[in-house]
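First, one chain by itself: the form predicted alone, in structure tokens.
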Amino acid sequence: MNLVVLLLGSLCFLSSQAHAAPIRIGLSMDTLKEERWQRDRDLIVAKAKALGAEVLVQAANGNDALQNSQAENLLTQGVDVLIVVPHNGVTAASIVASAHKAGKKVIAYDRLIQNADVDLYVSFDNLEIGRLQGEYIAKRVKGNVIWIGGAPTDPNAKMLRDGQMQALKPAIDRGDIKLVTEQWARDWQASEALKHTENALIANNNNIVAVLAPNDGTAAGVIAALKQQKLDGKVLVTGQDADLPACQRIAQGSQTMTIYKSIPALAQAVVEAAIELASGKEVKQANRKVPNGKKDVTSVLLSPTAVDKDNMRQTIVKDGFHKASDIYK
């Protein structure tokens, strides 16, 4: 009798130990070269740890083939769920196929994976981000505008453009705004934005009232080109991500606005969703469906905020995203 009790006790102990094993999350990142993505990684790792999970991180530095092989490696290491920030939203479909073959679910984080049976998309509302950028320009200036898009391989860049055009179309139709150039910035590179802005300034004899830059990295390239012509601070420049250098430029006057996206909220949402998926549960925060060419992907979309010098303290500083002493140094 005592032997039976001992055996049962041992089995219960082993079962509880197995059950207590932490959920392992694989995080496949496009790059860690930008401040924004370093912040995402750190917040995701910290949030997972707080919830009893662990995160294995790989970064591909913009290399599609490397990202695919890194994702395979994460699956081989036995992760329970995969979070992917795709460099290329099309080729990353192979990552989803590999994960599903291994019986694991995939979350597309911040950038949608196209033409794939991806299980969840967690991001900000990119159409709304584009609308906020377009509305900001349409309400404040009339004249020639340079349009620069993000990476043409990134579905987010195309959603941004859709939102921007929705907001700008009435002003364009009235003749208040004219898009004098429309160029995509390969891999969201600042150097691409600089080149496109330089060419547009030459072609239009510096007669430009605004540059619609898709994010803060490209805005830096735009401002470098404007500075060469002593136009920095005179031409409206948009952005996105609320990077510290961008916030400093807004305080100084060379960049006009950015889109603030609460990365802590996004990181919390994706970790909670990853744990729910790995546990076989439904994602509580799912609130939208976003088409990716293959299916309408269940999505968690958070709301962004337009920020300029007038509301910087009430948003970015108040939330602790950046310190006022760092922005206004």
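The numbering used is simple: start at 1 and walk along the sequence shown. Because the structure is predicted, anything quoted here is derived from the model rather than measured.
The form predicted in complex with a small molecule is left out here; the points below concern that form.
Practice item. State yes or no: in the predicted bound form, is some non-hydrogen atom of Glu34 no more than 4.5 angstroms from a non-hydrogen atom of the small molecule? Key: Output for Glu34 is yes: heavy atoms within 4.5 Å of the small molecule.
Next item on the list: Give a yes/no on whether Asn156 approaches the small molecule to within 4.5 Å in the predicted bound form, heavy atoms considered.
Entry: Yes, Asn156 sits close enough to the small molecule in the predicted bound form that at least one of its heavy atoms falls within 4.5 Å.
Is there a heavy atom of Lys261 lying 4.5 Å or less from a heavy atom of the small molecule in the predicted bound form? The answer is yes: Lys261 has a heavy atom within 4.5 Å of the small molecule.
Contact test in the predicted bound form: Lys105 vs the small molecule, heavy atoms, 4.5 Å
No - in the predicted bound form, heavy atoms of Lys105 and the small molecule never come within 4.5 Å of each other.
- request: Have a look at Glu192, Asp125, Asp110, Asp119 for me and say which one sits with a heavy atom within 4.5 Å of the small molecule in the predicted bound form.
  value: Going through each option in turn, the one that passes is Asp110.
Give me the residue from Gln133, Asn215, Gln255, Thr197 that has a heavy atom within 4.5 Å of the small molecule in the predicted bound form.
After the contact test, the surviving option is Asn215.
- prompt: Pick from 72-80, 233-241, 171-179, 247-255: which stretch has non-hydrogen atoms within 4.5 Å of the small molecule in the predicted bound form?
  reply: One stretch meets the cut-off, namely 233-241.
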